[in-house]
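Given as structure tokens, the chain that follows is alone and in the form predicted alone.
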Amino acid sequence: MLDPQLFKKDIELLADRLRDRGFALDVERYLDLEQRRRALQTETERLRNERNTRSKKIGEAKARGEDIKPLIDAVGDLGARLTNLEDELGIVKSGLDEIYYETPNLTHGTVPVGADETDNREIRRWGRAPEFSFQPRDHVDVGEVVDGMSFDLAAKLSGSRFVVIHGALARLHRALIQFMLDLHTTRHGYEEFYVPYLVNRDSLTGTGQLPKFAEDQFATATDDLFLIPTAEVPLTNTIRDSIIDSADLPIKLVAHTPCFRREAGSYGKDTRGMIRQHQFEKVELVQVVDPRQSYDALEELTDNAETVLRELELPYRVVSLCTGDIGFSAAKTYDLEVWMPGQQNYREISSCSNFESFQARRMNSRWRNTVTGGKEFVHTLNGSGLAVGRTLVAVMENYQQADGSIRVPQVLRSYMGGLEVISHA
């Protein structure tokens, strides 16, 4: 959530900045609600003061033995008027909160201005795309050759956008998870967490998925709980309603979880294979930092995610998302895109974002500034380190051989009991 003072200070300037990211702030509605809020607040406070004054006079009159019924009747009428005003004020404040919670973050000055993904800016590339002496298959065909992946069986069990993986391919999927967790905990300094896969409404509101993206969440109606769309939600919310000592920053957390998304609005996109699923696995990185270090932290977190790809020797590129493509809560985002030979294209495998104080303000998460002595909002960051399913897809496509078998990346062989090649049993 943006600082409400930004709305009050210069609403037209704020609207102009938000326009760069394709968001039309309803200035007229905000100004109308804010004008009504001020008027109602003033009148409410006036009536409260008047009620307090009259109540005091009732006490004094009672002490003198006077008839206080007329005074009590007057206060009763005042109380009813005050209740009506407070109810109206509550409705107006709810309208303002709706605007605050549905307004996206402001982007950092280094974010390229653009309308959509075609305006994203490539920052760097690593590795070279493999050359094959044969026409490379996509992961669906490779999975069919090694008999380790079934979308038909998943459809029988659950429906579309699910997969069943089994045998050596399932072990490779698990090996990727273990490798990523070991890398981030032993070399990058993250603390591993196991977190709930169901979270409450406050948690999703804190990280920005609610209320704006309710349609993309899987919900349990009876308990008002939601399946997590990413481990970012429970990990980041561990600091909700907290005041953190500066000595405890930065906080670096990692967790492996399944993720659940309805993929609302993605009808017809990536319907083949594992690229866009309702259920998938991720190893998620979260950092909570001193605001003065948050952009250095973004570079570090991005490099942590890149290290996974370098260790796996998967070619990739890093792009800075433009204002029209960046996520709702982010101030700046780098996407890591891995080369997929079967698709002859780079595909996103991680998004690494700095949210600045946007999430912290929604969560009421602060730190003690030892210099100023004040309590300020922390900055939060997160990134996939990495999306496991898409990493499996990248390994299958980049390490495929002419007969459809898959070479196991060197760094994963110890997790695979020394297995070097996955082929049909």
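Only the largest set of C-alpha atoms that superpose within 1.5 Å between the two forms is called the rigid core. Residue indices: 1-based, along the sequence shown. Keep in mind that this is a model prediction, so the values were computed, not measured.
Unshown form predicted together with the RNA; subsequent notes refer to it.
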*Among 54-62, 354-362, 23-31, 390-398, mark the stretch whose residues have heavy atoms within 4.5 Å of the RNA in the predicted complex.*
54-62
*Answer with yes or no whether residue 424 is in contact with the RNA in the predicted complex, where contact means some heavy atom within 4.5 Å.*
no
*Classify residue 67 as contacting or not contacting the RNA in the predicted complex by the rule of any non-hydrogen atom within 4.5 angstroms, answering yes or no.*
no
*Non-hydrogen atom contact residue 75 with the RNA in the predicted complex at 4.5 angstroms*: yes
*Quick one: does residue 49 come within 4.5 Å of the RNA in the predicted complex, counting heavy atoms only?*
yes
*Run the contact test on 8, 45 and 375 with a 4.5 Å heavy atom cut-off to the RNA in the predicted complex and return yes or no.*
yes
*After superposition on the rigid core, does the Cα atom of residue 361 shift by at least 2 Å between the shown form and the other one?*
no
